[in-house]
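Each of the two blocks below gives one form of the same protein chain as structure tokens; they are labelled structure 1 and structure 2.
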Structure 1
């Protein structure tokens, strides 16, 4: 069979030139570079709603942490002025001045509701972040070892069966009543047992993937359980951990607000404390604005943190990087 190679427009030397063989070059794979976190953020920012959520979150964090140091907040500065108490935004600005401090009106002591909300937000957000950091760190590490080590399984399962069946809210309430309800007492109350539920969830996820081939191969090669858990299992669960974190931070803000609302919260000024102190204003005609303002801000903070975390968790799943 004769093949006409003239259609390629190449000379015989070009068609039949010698090609050197390189074992090193043959091992190289031509493929675009892949960065996991670059892919995560590419998928995350592909949705325009996430950019809006991050802008709202940046505004919230900015007001919570940068605004309070710039003002001199004094709750009792107008305490002796009866005409400055329980004011709606417009009457408050007409009396106190047209500025940002009075756009949410004045409270029961004549204080700026707007200033009080952001001073309280800093405490509530800080409490949630610290509790989430402690519980996630302890819970993820303990859960990884719990699911991978059968020796740890025996001890942790007994601990879980004993502790987790005690109502979590009851534990928090008892601890707060035994000690002064300060910031670090609340941190202790929110972290003493809550990490167990995170550890149990992580343990369940680890059990699903611990007996896969690459983990069995690592174990046969003598790799320690701790190293397999940290190097092989936890990176595989990044999206699960991020999604779990997304629920933890708003949860602690909600818990702090609830405990304060029932009189068991922080003695410091926080969102929960503001709502608790303004409880009577909710049912008083003309005063409801000072109650619903901190409720609305607390709800916005919780929702924004949850949605941002959930969307970041979805973007962390490698299956969305295609």
Structure 2
């Protein structure tokens, strides 16, 4: 036996040193260091498609927020020039000069479609982001309360059943007719009832997790409800919330387009209004470009935000971090 150990080249003291029992050491968990958000981004960037999506997103956001202040967009600048209307990119560039403004042709008032799209995108993206922020904040808090308290449950369920049955279109119509359809009125119209459906979704999730064994155990050990909500349940919900956010933002863009289409949209030049105004161009041969360009941009924005959100939602699920 002794011979066998000698090959390690250690002294007897080193081989058989006495280790005291240490309370502190025994509490230590020997696992690799784990940081939640670091892991989220590690998983997120592991997929190459996400980098591509983020680049596209950056380009879109950049154009939407940095480009309009640089140019002075005037829809009616070429109004009196009859030959400047409904132009394809090539004739438009031949007429107006070879620059970035005319690469998507000209619209019904002789305006640059490219400029109009980015001015509209800025409004539409801002609207979607602000509405999503308000609705998610209110919805998640209300949903958490809803899931936890029985008293709140009775009241909220009634409220939800009633509000759910009031035609949403009518709510928008009343608000639009009551006030002028400005940006903040639209934000109001999108937030006044929509937070309820988010709250309902969150409530269902909270109820599912609330009665799991680990929460019952935590409750038995005397953890307060607020602490259970913040420490035990909220981390579990992060991926759900991010996934929900991913569906919310395209939803508002889509909704805004829809409302514009039925004539209840913004008075500002949003993407929805652009599509609505160019609808007649879609059926006219040769004018299709001015209709399809805003549609394509609206779709790209929505898809990119959706995919980025979905993948971030997947990455924020701790089960994917292994």
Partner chain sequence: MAKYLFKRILHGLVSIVIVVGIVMIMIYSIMDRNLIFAKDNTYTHQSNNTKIVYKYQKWEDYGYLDYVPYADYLLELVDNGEIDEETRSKAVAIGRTEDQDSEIVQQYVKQFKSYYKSQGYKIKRLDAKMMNPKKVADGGNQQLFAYKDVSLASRLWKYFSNIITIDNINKVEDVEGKRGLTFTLYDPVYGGEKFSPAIIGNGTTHKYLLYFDSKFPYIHQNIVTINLGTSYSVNFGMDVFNTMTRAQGSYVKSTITYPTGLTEESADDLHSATYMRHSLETSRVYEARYTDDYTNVDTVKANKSKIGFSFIIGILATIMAYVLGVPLGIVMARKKDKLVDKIGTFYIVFIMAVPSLAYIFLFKAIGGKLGLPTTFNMESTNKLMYVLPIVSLALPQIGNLMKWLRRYMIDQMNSDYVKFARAGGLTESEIFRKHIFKNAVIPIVQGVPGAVLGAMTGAIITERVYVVPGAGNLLTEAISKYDNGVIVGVTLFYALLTVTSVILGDVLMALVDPRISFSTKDR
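The shown structure was predicted, so the numbers you read here are calculated from the model rather than taken from an experiment. Numbering follows the first chain given and starts at 1. Note that the rigid core is defined as the largest set of C-alphas that superpose within 1.5 Å between two forms.
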property: Correct structure when looking for the form predicted on its own; result: 1
property: Large Cα shift (2 Å or above) at residue 195 between structures 1 and 2, core-fitted; result: no
property: Shift of residue 169 between structures 1 and 2 at or above 2 Å (CA, core fit); result: yes
property: Rigid-core frame, C-alpha of residue 230, shift of 2 angstroms or more between structures 1 and 2; result: yes
property: C-alpha positional change at residue 178 between structures 1 and 2 - rigid core reference, Å; result: 3.3
